[in-house]
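Form predicted on its own, single chain, as structure tokens, below.
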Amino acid sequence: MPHQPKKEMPTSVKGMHDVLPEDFTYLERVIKEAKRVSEFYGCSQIATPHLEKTELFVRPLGDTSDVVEKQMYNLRTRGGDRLSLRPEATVSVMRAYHENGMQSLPQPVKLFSAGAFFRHENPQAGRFREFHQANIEIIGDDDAISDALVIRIFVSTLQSLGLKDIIININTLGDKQDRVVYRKELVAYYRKHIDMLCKDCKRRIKENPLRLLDCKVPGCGALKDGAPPMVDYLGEFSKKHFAEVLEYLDEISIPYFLDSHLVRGLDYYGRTIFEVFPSDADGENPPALGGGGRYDDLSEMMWGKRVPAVGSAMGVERVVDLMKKKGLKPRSDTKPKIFLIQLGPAAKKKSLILLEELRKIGVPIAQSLSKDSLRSQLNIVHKLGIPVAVILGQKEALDGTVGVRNMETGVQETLPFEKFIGTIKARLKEFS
């Protein structure tokens, strides 16, 4: 009999990952908390498509940015349209703002969004090719308090998840006129050290010198410390705006570190930029939990009209990793306090009615309807640590009653079906 080649097991695409049930509770918890905090501060939720026209991203992110040059997932449809999986949220949200006439709404428009994004990066700890973000955008406001508010929402979300030790690395890129002067000084500095630059940075010095400050290659990173700081080239307007942002952060006691060489990797940023780190982060280049800043020129760049705006993006997987590292569990708002045990065919049928009645009154309940053994179901109750077992056997199903057992004391009582439904919420307060 000829040798049959061993079939290769299908696996997930490199850099993509399954979110398993034990991790999904974390991911859901982070996004839910980000939404809750942002809504308190006046944000409304928005969702944009995963696919956008490629040209939407190319210009605002920068033709020479790593995202556009190396990381976007591009495709061409049968009709010839060039589309891309969204690599970030801000440009899509600004497109939705213009396309759906949000300029006519009271300004600023505050928006929250969350979902999956895609970049063809080198997979490593905390970095995937499909990843999740929670995003805040405040569009239509020039005031420094909006910068501080975006940072406040970000930090408050982390704190409510139990991550207290957070620091903000912050800088300003000034306005367009400030950056023209600064670029000349930056290029002059790096040209003195051109032989020490990596291949990409030798190209960046001509095309986008600000990105020289963002290079992670060790040799280029060492040069950054001697580069001229942006704050020395700010005009009066930019100085005033940045000073006000810092005053607001001081007022609300958010710790920050002035990083005069901090830049962001996308062309649309200007004035305030920031990144968020755990204050006890290890390593030379720890991954940021997220970041953001002002993008006042994005709208003019793409739609011909200046609309001031500021926003942030939180890396959900990175926050989840930090929560796990610190032993923080994702609190569940619907942890069941009741387990339904059913015994016999009649009870199994009746249990479907009972479950639906409990769902209607908002009582979270666990069950294992496919099990038939009392012992196996009680074992599950003990493993889950559920304080109350509701027992529905053949006799109870025929009598229209329900057995209720306190798993801590072992005391069990029998209640009429109608009375059980009416009183179970009050009974559960003993275990709140």
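If you're wondering where the values come from, they're calculated on a predicted model, not measured in any experiment. When you see a residue number, it is the position in the sequence shown, counting from 1.
Absent from the display: the form predicted in complex with adenosine monophosphate. The rest refers to it.
Participant: Report the residue, out of E121, D178, D143, D297, that has at least one non-hydrogen atom within 4.5 angstroms of adenosine monophosphate in the predicted bound form.
Facilitator: When adenosine monophosphate is considered in the predicted bound form, the option within 4.5 Å is E121.
Participant: Have a look at A227, M323, A288, M102 for me and say which one sits with a heavy atom within 4.5 Å of adenosine monophosphate in the predicted bound form.
Facilitator: Looking at the other structure, the residue within range turns out to be A288.
Participant: Can you tell me if N169 lies within 4.5 angstroms of adenosine monophosphate in the predicted bound form, counting non-hydrogen atoms only?
Facilitator: N169: no contact with adenosine monophosphate in the predicted bound form.
Participant: If you check in the predicted bound form, is K184 within 4.5 Å of adenosine monophosphate, heavy atoms only?
Facilitator: K184: no, not in contact with adenosine monophosphate in the predicted bound form.
Participant: Report whether the minimum heavy atom distance between R127 and adenosine monophosphate in the predicted bound form is within 4.5 Å.
Facilitator: The answer is yes: R127 has a heavy atom within 4.5 Å of adenosine monophosphate.
Participant: Taking adenosine monophosphate as it sits in the predicted bound form, is Q133 near enough to touch it, meaning that at least one heavy atom pair lies within 4.5 angstroms?
Facilitator: It does: once adenosine monophosphate is placed as it appears in the predicted bound form, Q133 has a heavy atom within 4.5 Å of it.
Participant: Please tell me whether the candidate spot formed by K239, H241 and G311 is one where all three residues come within 4.5 Å of adenosine monophosphate in the predicted bound form (heavy atoms).
Facilitator: Judged in the predicted bound form, none of K239, H241 and G311 sits within 4.5 Å of adenosine monophosphate.
Participant: Please name which of the stretches 358 to 366, 199 to 207, 231 to 239, 315 to 323 has residues with heavy atoms lying within 4.5 Å of adenosine monophosphate in the predicted bound form.
Facilitator: In the other structure, the partner sits against 315 to 323.
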